[in-house]
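Presented below, as structure tokens, is a lone chain in the form predicted alone.
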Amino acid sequence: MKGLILAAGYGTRFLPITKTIPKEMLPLGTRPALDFVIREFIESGIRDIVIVNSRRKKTLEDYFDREPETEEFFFRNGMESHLRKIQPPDAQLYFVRQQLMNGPGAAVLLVREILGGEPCVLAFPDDLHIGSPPLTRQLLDVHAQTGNAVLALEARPAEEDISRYGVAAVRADTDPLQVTQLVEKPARGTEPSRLISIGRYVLTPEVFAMLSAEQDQHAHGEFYLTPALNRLAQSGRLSGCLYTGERLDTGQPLGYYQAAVRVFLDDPANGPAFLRFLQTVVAERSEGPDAG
């Protein structure tokens, strides 16, 4: 099965840095955010990965390519540890440019032929996962059980406003969960559940046929996946995976800062010193003139 990553967006929430640096290349520790998704795919057994990007994001292609001059320098100077750090991932990556930013549905259809009419795992690179088994592996297990398309679902607290998410209605007596509807950005108080859809999916071949039919009728504006997914849900062919592990939401600045701190603290070499630094900063802030 192939993996698909949609990375062609503008990243407007991170301006001005995303004027020239793709959001997917913002660092978390010493690795760019996108590399976490690539590794998740590889750890889940996926070795063919399609990345939809744009002409503004050549850096993505360069990062995952070979760097012969640097490799030669490290090799000649016996710097094996450095050499290992810059090796490309153990996967075949294919880059496809989306010339018009007209939504995720259009981006998926752009690579339909490359995917070869087979199921694929779709990832939005804003959502990163920490834990074992990898999030992609968990979705693939549900797909293997059901043969259905699969949404990654996360339960959110009752007091939280989840109106900016897609929210899944599910049949509570099913295992794996059967999704009956996906409601995009429901008004607060009208949510069908507390289960939000996050940025991982298994898409089955019928999704592409439905997207193609939807696109023929789409008049203007961005073209989304939700209508096709809801058609699957109505026919009982959409499952939900209430995953285990931790999600890092890097799609907006606060979530990115939190994810960066989380990754820094997990660094065995620098994490303990970074934790002491954070504790010192917090103590200084709490004792300052504006404390409380």
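Bear in mind the structure is a predicted one, so any value in this text is a computation, not a measurement. The numbering used is simple: start at 1 and walk along the sequence shown.
One more form of this protein should be noted, the form predicted in complex with a small molecule, which is absent from this view; the next part is about it.
- Listed residues 208, 124, 74, 95 were compared with the small molecule in the predicted complex; 124 is the one with a heavy atom within 4.5 Å.
- In summary, among the residues 224, 264, 63, 256, the only one with a non-hydrogen atom within 4.5 Å of the small molecule in the predicted complex is 224.
- Proximity of residue 197 to the small molecule in the predicted complex falls within the 4.5 Å heavy atom cutoff.
- Put simply, residue 176 is far from the small molecule in the predicted complex: not one heavy atom of it is within 4.5 Å.
- Among heavy atoms of residue 82, none comes within 4.5 Å of the small molecule in the predicted complex.
- The small molecule in the predicted complex is not approached by residue 119, whose heavy atoms all lie more than 4.5 angstroms from it.
- Of the candidate stretches 209 to 217, 177 to 185, 86 to 94, 111 to 119, only 177 to 185 has residues with heavy atoms within 4.5 Å of the small molecule in the predicted complex.
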